[in-house]
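To begin, one chain is listed below as structure tokens, in the form predicted alone.
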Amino acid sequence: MLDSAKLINIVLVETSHPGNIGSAARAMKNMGLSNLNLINPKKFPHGDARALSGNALDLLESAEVHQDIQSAIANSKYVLATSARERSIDWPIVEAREAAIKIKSMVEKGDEISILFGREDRGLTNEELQLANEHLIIPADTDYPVLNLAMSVQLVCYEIHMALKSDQNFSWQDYPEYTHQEIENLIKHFNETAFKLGLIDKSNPKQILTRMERMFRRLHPDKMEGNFLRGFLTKVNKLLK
């Protein structure tokens, strides 16, 4: 297993069928990934998970179980959410192969990343999708684009495996990126300042807050950029007093 692969977290959200957890673990191990995170699984540990994991029992035994997504991705600097859903506000979208190249670039610098996979029957909620920097899609035939959970994990892990094996490197940033939690804090700081300035009607914010959140996640600021923005917002708040 490549050391950089250890920085990649596969996060399964509220998986209903324990067999899917086992199949996902097997798919991960096939492709050299080991960090399995489970958000409120319906049944885990479970015999079906062990039965379908093949030789990936070690991934099940080391899997981290969380009560919420935030705690699982707090230290990640790049969060992807798998989705095929249409939304009223579009989010930045990346195909699995392109996402894998980005992931390679980041983990080779020591950055942690997370990939969210939703529930078998209804995927991720709008609120959960908005936690991601980008939405990851797997191109499929339009007549029947539906993939089951284990298939999705297998395909995404395959693209990551192939990217990590390649010699391509697209890194260009000179400062480490903000973590997911740091971006959350920046968004909260911005929203609070916008309300103080009277730019947003609290009783009817419409979709502007969602759009601004999307902007910050799309920009994916590094520490120099993010800290400057936090300083700017702090100065604005002091002048408002």
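All values derive from a computational prediction rather than experimental measurement. Numbering starts at 1 and runs along the sequence shown. Rigid core: the largest C-alpha set superposing within 1.5 Å between the two forms.
The discussion below concerns the form predicted in complex with another copy of the chain, not included here.
With a 4.5 Å cutoff on heavy atoms, Pro41 does not count as touching another copy of the chain in the predicted bound form; it lies far away.
At a distance threshold of 4.5 angstroms between non-hydrogen atoms, Arg211 is in contact with another copy of the chain in the predicted bound form.
When another copy of the chain is considered in the predicted bound form, Asn35 lies well away from it, no heavy atom lying within 4.5 Å. Contact annotation for Lys109: none of its heavy atoms lies within 4.5 Å of another copy of the chain in the predicted bound form.
Only one segment in the set 127-135, 67-75, 142-150, 111-119 has residues whose heavy atoms sit within 4.5 Å of another copy of the chain in the predicted bound form; it is 142-150. In the predicted bound form, Ser53, Gly54, Asn55, Ala56 are the residues of 34-66 with at least one heavy atom within 4.5 Å of another copy of the chain, listed from first to last.
Taking the rigid core as fixed, one finds a CA shift for Glu192 of 2 Å or more between this form and the one not shown. A movement of the C-alpha atom of Glu225 reaching 2 angstroms or beyond is seen between this form and the one not shown when the two forms are aligned on their rigid core.
Comparing the forms between this form and the one not shown, the C-alpha position of Asn204 differs by 2 angstroms or more, with the core used for superposition. By 3 Å or more, the C-alpha separation between Arg217 and Ala24 grows in the predicted bound form relative to the form shown here.
Shown here is a form in which the CA atoms of Glu128 and Lys188 lie at least 3 Å closer together than they do in the predicted bound form.
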